[in-house]
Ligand SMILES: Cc1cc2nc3c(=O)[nH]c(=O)nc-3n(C[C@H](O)[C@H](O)[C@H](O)COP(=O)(O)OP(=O)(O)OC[C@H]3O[C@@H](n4cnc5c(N)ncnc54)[C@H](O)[C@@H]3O)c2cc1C
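Encoded as structure tokens, the following chain is the form predicted alone, with no partner shown.
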């Protein structure tokens, strides 16, 4: 896995998620690439909920970094500082760079070991299997998709979804939200909007949950599906501290270089690009920056770099194995057609192919 080619530009990629891994895979033949990630694997994030009801699905969606990073170096650690010419890691390494890419996305608490992550899915599945009723907290895409997976695979189980907002899937249009609510209701999922529960008091031992609206929900187990914070707090002590906006996002130019820096890029959810934070957009960022890095390595001027432009917000939400909701330009679809597009394989085969792996 060592990439010791003399004279090659050195590229350090901080973050081995969807964007960082695709970027590293794409440029590993053109540069001496180092990927810094605390985990030994990449997790295809949108497959998480299917893996909760079908743990064997994770065998394809948890990918060892070594499987695609065949010409680069994996540093299994966390970045803790950035200087003008090096990335410092928690295990004491100093990685010099000619070019740096920040791709740390949202904070995750997954274990570093792929085997341990597989065990987490098995434990969560066991929790569902042994429960007659399940409470889901959060009505964004994660909560909605988990509710859909359980409702389809375990129709005998009582599922309650609590969401503090006025509608589900607030990141997309009202029409798609309504279709989603109707679908969940048709599957006998109880949806309580404009309600919340005290996360600090949640316990599977309790079985009884009090909502902010005064209702009592009985459930044998619960899953918290609320948004994760950005993984950018560590940047406040680095040279990039002035490059963060007031929400902790990295401010980038149209060519995705960090504002104020010629040789540092940022991609994925951590950027301040005004768009829905979605996996396929993070992949677009990765491919664009890979192109730009190749241009810079060949000596092209900055004026020749490709630029990124946002498009119409497209969203696909799977509802179980065969149905889904698609918000497309000018039309919102629900049912089996969106299901055929996303829900059956959840794009896992496509993501694996992009990394040069068997689908």
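Positions refer to the first chain, counted from 1. Please read these numbers as outputs of a predicted model, since none were measured by experiment.
Just so it is clear, the following notes concern the form predicted in complex with the named molecule, a form of the same protein that is not shown.
Contact with the named molecule in the predicted bound form, judged by any heavy atom within 4.5 Å, is made by just one of 77, 238, 211, 133: 77. Checked against the named molecule in the predicted bound form, the residues 221, 73, 278, 196 give one hit for a heavy atom within 4.5 Å, which is 278. Every member of the trio 38, 142 and 268 reaches the named molecule in the predicted bound form with some non-hydrogen atom inside 4.5 Å.
Using a 4.5 Å cutoff between non-hydrogen atoms, residue 289 does not count as a contact of the named molecule in the predicted bound form.
In the predicted bound form, no heavy atom of residue 160 sits within 4.5 Å of the named molecule. Interface membership of residue 46, defined by any non-hydrogen atom within 4.5 Å of the named molecule in the predicted bound form, is confirmed.
Residue 17 belongs to the set of residues with a heavy atom inside 4.5 Å of the named molecule in the predicted bound form. The stretch among 211 to 219, 172 to 180, 148 to 156, 106 to 114 whose residues place heavy atoms within 4.5 Å of the named molecule in the predicted bound form is 106 to 114. Residues are counted as partner-facing when one of their heavy atoms sits within 4.5 Å of the named molecule in the predicted bound form; in 329 to 350 these are 342, 347, in sequence order.
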